[in-house]
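The C-alpha cells that follow cover one protein chain in two forms, given apart as structure 1 and structure 2.
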Structure 1
C-alpha cells in the first residue's frame, strides 16, 4: 500500500486506492490527503470546457451599463483594466489583469491541455511544469471575489444613476459556479495514475 505524508503536519499514512466520492484526511490535523471525486476526470474536463466558453462570453460583452442624464457608459473587464492603466494606476491594473484575466485563462488552458491529451491517450509534454503552473494559476484566479466586488459596486452606483446589468454579468455568475465545480472535481493524482498506466 503506498505511503503518503500529510502536507500540513508531515504525518505518514498508508493510503490504498480510494473509492470514488471518498475524501481521505489526516488523522492528526485533518489536512486533505486526497479527494477522489465521482467520475472526477470526465467531470473536470466537461466543466472546464463549459467554463472556457463562459469566460469568452463574460469578456466579450459589457457586464454593466451606467446611465446618467442621458449619457451611457458601458464596461467590460478589459476596458476597466485599460481605464485604470490610463488613469495612472498601472499597479492596480496589473493586479486586476492578473487575477481576472491571466490567471483564469492559464488555469482553464492548462486544465484543458492536460485533461484533453490524457483523455485521448497521450502523455502531455511538460506535464510537471503544467501542474506547477496550474497550482499557481489557481491560487491567483479570483473570479468569485470579483463577483462579490460587482455585488458591492452596483448599489453604490445606483445612488448616482441607472445601472443596467449586461449579458456578461450573468456569464460571470455561471463562470464562477462552473469554475469552482471544475476545481472541486479535479484530482491530479488520477492524472498521474492514468499517465503512469496504472489504470
Structure 2
C-alpha cells in the first residue's frame, strides 16, 4: 500500500486503491489526497481527442478577419507568429510559438500516447519519462493567457477596423475549456494502477 503525503500539512497516509467516485482526504487537515473521478480514464481520453481535433481546426482556419477601407485581411495563429518574427521581435515570436503551439501539441500528444496505449492494453514504453514531459509541457501551455490577450486587444482594434471572428477563434475558446477539463479529469495514479495490473 503506497504512502502519500498531504500537500497541505505533510502528514503521511497509507492510501490503497480507491473506487470510482471516491475522494480521499487528510485525516488531520482535510486536504485533498486523491480524487477518483467516475469514468475518469475514459473521460480524459475522450476530452484529449476532442482537444486534438479543436487544435487542428484552430490552426487550419482564419483566426480573425480585418476589414479596413474595403480591404479584408485574414490572419491565423502561424501568420501572427511569423509577423512577430519579421517585425524584429524574434524572442516574443519564439515565446508565443512555445506557449500556444509547441507546448499544447506536446501536452496533447503525450496524453494521447499514454492513454491510447493503456486503453488498448499495452504498457507505454518510457511511461515515467512521458509523465515528466507531460508535467513540463502542461506548465508551458498557456492558451488561456493568449486568449486573454486577444480579448484585451479586440476592443482596441475595433476602433481602427471591422473585426470578424473566425472559426479558429471559437475553436481556441473551446480548446481552452476542453483541455482544462481533460487535465482536471486526468489521474496518473489510475494509469499506473492499470499498467501494474497488466504486468
Partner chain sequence: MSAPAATALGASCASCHDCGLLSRVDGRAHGARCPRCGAALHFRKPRSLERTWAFLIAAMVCYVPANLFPVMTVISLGKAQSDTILSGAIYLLMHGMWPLALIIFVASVFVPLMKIAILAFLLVSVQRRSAWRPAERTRLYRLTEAIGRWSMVDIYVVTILVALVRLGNLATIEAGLGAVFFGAVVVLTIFAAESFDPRLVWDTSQGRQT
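Source: prediction; values computed, not measured. We call the rigid core whatever largest set of C-alpha positions still superposes within 1.5 Å between the two forms. Residue numbers count along the first chain shown, from 1.
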- Message: If I had to pick the form predicted alone out of these two, would it be 1 or 2?
- Response: 2
- Core-aligned C-alpha movement of residue 26 between structures 1 and 2, 2 Å or more: yes
- Core fit, then residue 135 C-alpha moves 2 Å or more between structures 1 and 2: no
- Item | C-alpha of residue 15 moved at least 2 Å between structures 1 and 2 on rigid core | yes
- Could you check how much the CA of residue 35 shifts between structures 1 and 2 after a rigid core fit, in angstrom? 2.8
